[in-house]
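Take a look at this single chain, the form predicted on its own, given in C-alpha cells.
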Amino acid sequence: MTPWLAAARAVGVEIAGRHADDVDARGRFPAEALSALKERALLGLLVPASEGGPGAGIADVVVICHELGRHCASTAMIYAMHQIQVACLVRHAGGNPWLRAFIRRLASEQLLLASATSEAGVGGDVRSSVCALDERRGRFALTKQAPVISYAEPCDAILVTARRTPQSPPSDQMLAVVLRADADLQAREVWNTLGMRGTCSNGYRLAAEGEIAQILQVPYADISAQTMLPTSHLVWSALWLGIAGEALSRARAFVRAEAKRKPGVPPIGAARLAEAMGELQSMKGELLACLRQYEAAAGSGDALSALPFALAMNNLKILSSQKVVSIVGQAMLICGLEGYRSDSPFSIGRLLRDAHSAVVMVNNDRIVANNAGLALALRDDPELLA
C-alpha cells in the first residue's frame, strides 16, 4: 500500500465515512474530508516532482477514488473531479509560465479546482459553448450560464470552457483557468438531488476576467479526447466500484449474521451474494484493463486520440455506471428491510441513491450516440491479442 492510499484510507474511515450521512442529509460540502485530504497533501498528487509535487500517476488517483467511494461518494466525486482538472493542467500547460506557476501553487497550497464545462443552450453537449473569450489588451473576459458547477463556492479556481472568440463556432473551444477570487458567481439553481448531494453542484451565472496567459493554448478538443474524458471515466468508475464494494460488504455482513443466527440453515441471500460478487469482479476487471490501456497510451497523443481508445473508455463509463446500480440493488435485496431502513448498520439507501447518479452524469444515451459514430468508423479487429 502506498503512503498516499494509506492516508486516503485514514481520511475515509476516520472522517469522510463519519460525516457521510450528515453531508447527504443536509446536502452540504464535505468540508471535514476535503480539509483532511488537503492536510495530507493529496490534492496535488499528480503534480510532477519538477513542479514541487510528488509526481504520482493516474493509478494512484484511481485507487484513492475507489477508497473514498466506499466511505462517502460525494467526497470521492469531488476528489475525482478535482484530479481530472489537475490532470488536464499538468498534461497540457506546456511551457506557459503563468500555468506552470499555478501548478506549483497547486502543489504547495493544495488548491482545490472545479470545472465549468456544461452550459445552458447547448443541449448538454460539453463539446459546444455559447460563451466566448473576449480578448482585450492582453486580458480576457467571459460570461457563462452554467447549469452546474460543483463545489464552486469553496474551490480555489475553476477551469472554464469557452469559444476561442465571439466569432468562433460552438465547437472551437478553449480552456481557461479562472481564479475563484476573480469570478463573480450569481446563483441560479440549487442542487437538490437524489444522490451525490454533497457535491453542491448548483447552477450559476459565471462572469470572470483574467490574463491571456491563463488560457491553455491546446484546443479543448484535444484536451477532452486525450485527458479529460479518459481520466473522468477512470476515476468515476473507480469511485463507483467503491460504492458497489461497500454495498456488498454490508450485504456480506448481513448474510454472515443470518448464518450465525440460524446455524445449519443456508442464508437465503447467500446465492445472490455470490452472483453479485461475480459482477463486482467483472466491474473491477474492466476498470483495471482500461487503466492499463490508458497508462500504455499516455505518452502518445495519437494513441490517446485513436478511435478504439475512445470507444474503450466510453464503454467503461457505460458499463461501470450500469453495474454499480445493479450491484447495489442486489445488496439491497440481500439485506431486505434491514438494507431498506436508514437506521440499520446494513442500510443501503444512500449508496443506492448515489449510485443512480452514474448513468446521468454525462448521460449514457449521449455517450452511446457518440459511440455509434465511432463504431461505424472502426475497422474490423479480428485479432484477440493484438
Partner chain sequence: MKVRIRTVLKSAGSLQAGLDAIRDDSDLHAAGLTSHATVNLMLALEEAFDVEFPDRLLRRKTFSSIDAIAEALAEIGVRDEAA
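Positions refer to the first chain, counted from 1. These figures come from a predicted structure and were not determined experimentally.
There is also a form predicted together with its partner chain; it is not shown, and the following applies to it.
Among residues of the shown chain, residue 170 is one whose heavy atoms approach its partner chain to within 4.5 Å in the predicted bound form.
Its partner chain is not drawn, but in the predicted bound form it has a heavy atom within 4.5 Å of residue 378. By the criterion of a heavy atom within 4.5 Å, residue 127 is counted among the residues contacting its partner chain in the predicted bound form.
Not displayed here, its partner chain is approached by residue 308 to within 4.5 Å at the level of heavy atoms in the predicted bound form.
Stretch 218-226 is the contacting one of 177-185, 205-213, 218-226, 291-299, since its residues have non-hydrogen atoms within 4.5 Å of its partner chain in the predicted bound form.
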